[in-house]
Each structure stands twice: as structure tokens, then as C-alpha cells.
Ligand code: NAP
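Below, in C-alpha cells: the form predicted alone, a single chain.
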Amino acid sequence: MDLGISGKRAVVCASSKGLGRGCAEALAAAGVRLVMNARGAEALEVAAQAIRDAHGVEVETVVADITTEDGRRQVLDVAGDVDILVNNAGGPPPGMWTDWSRDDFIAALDANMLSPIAMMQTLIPGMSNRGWGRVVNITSQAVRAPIPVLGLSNTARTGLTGFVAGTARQVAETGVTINNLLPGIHATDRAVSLDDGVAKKDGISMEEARRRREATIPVRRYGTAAEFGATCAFLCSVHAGFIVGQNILHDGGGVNLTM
């Protein structure tokens, strides 16, 4: 399927690896010019060059922490007029509700709610003026079914979901769509970290921790970054203009909901 976005320009945050890279790869395959961002210079440039070589698109890189005001400024200075924004940032650490201080919550809100909101507030006006734009926020299945040990993520990402629910309806008439893409467990560093925590807590191997988690997913496996990226690219396509303010689960059926 031709996604109709060849030549468009996208910012993909935290895209040197994992789900962010999957999104960058899929957009590049559709002919989109990229601004890729990550904190690690070496991993970012390796990913960017691989995408240039594979897809022949223009890729600019910005080494910065997107969760900070200075980091966002660096990305936006390079980005210019952007048609597509993919917001992404790593999730806060797991723990128990008794573990977290106010500072922990503020850090989670900065990373997973206020940073993507700031990027949207800066870039959507230009999209609206030009009459077309796409925003995809990578959040989590936890906004539909909270995960007890991920209380910081539950809190911050649910706040972002509320912001999007209202804002998406306000800007849709200008040709801009905003949607959230909610991953379950994918074969990324985040899954390794979570499996490692279970392995240490329960005194089992990493392989057993993964097998246990896979057994809770109806498809009996972890998702891939490529699958996730393809879904993101479709939401950014010309075919997705009637999808507005949605929270789309990408979790192998792991969250059991009727709506």
C-alpha cells in the first residue's frame, strides 16, 4: 500500500532503537524524510546510517534528551516545518506505590506527559496552518489496563491520554490527527529490563521469565519493533485521516477489553 507520505518530514523522538527505531524505519520505507533523536550519539548515528542506506531518504540526527527543555529546543531548531511527529520516551522504573516521592512523580510527568505535550504545542500550529499533519504518541497498554508495578507510567501516560482526547478533537478540522499507540510487551530493551526484574525477584532465569510473560499474551510471543512501526506509519498516512483521538492497542491481545 502506498501510504501517500513520500517527501513528508517527520520528527521521531527516542528513535535510535526499540519502538522508536521501528517507527523511523517504517516511515523511511514510505519515503519520509527524518529527524531522529536520542541521547546516545553512537547508537543514533548507527541507526540513522542504516536507514539512509536501506531507504535512501534524508536523515538528520540530534543528540539530546527530549525530556528536557534544552533537548527539545535542540530538536526543534533542526526540525523546521514538520508534517509528522512521533512522540516517544522511555518509561519510568517499576516499583511499589510506597516507593515513590513527589520528585519521582514530577520526573515521570516531565518525561511521559509534559514533554510530548510541549512538542505538540510547538509543532501542531504549523501543521494546522499548512492544512495537514499527523501526531502519534507512543504510550502504553497501561493507560487501558493499569499495571500495578508501573504506577509512575500509569499516572503520567494517562495524563497525556486525557490531554490528547480533548486536543485531537480541537485540531482535527485543520487536517491534523493525533492518536496514541499503546504497546504491550515487545522484544526491546524495556522488555529485557522488566524480565530481568522478574528473574531476580523470583530467582529464575531470564528465559523462564520471558516464557512466563509470553504465556500471558494470546499470540504467545512478544511483538516486534517492525510490526509496531508499520502500525505507526499507517496512522501517519493519508489513509488515516478519519482516525482521531484514538488509543490503539498493539499488545497481541494481552489486554482483554470489549471497548
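We number the residues from 1 along the sequence you see. Just so you know, these numbers come straight off a predicted model, no measurement behind them.
The same protein also has a form predicted in complex with this ligand, omitted here; what follows describes it.
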Does G90 make contact with this ligand in the model of the complex, using a 4.5 Å heavy atom cut-off? yes
Going by a heavy atom distance of 4.5 Å, is D65 a contact of this ligand in the model of the complex? yes
Considering only heavy atoms, tell me if D77 and this ligand come within 4.5 Å of each other in the model of the complex. no
4.5 angstroms heavy atom contact with this ligand in the model of the complex for K17: yes
Pick from R39, H55, R33, R210: which residue has any heavy atom within 4.5 angstroms of this ligand in the model of the complex? R39
Of the candidate stretches 128-136, 166-174, 183-191, 95-103, the one with residues having heavy atoms within 4.5 Å of this ligand in the model of the complex is 183-191
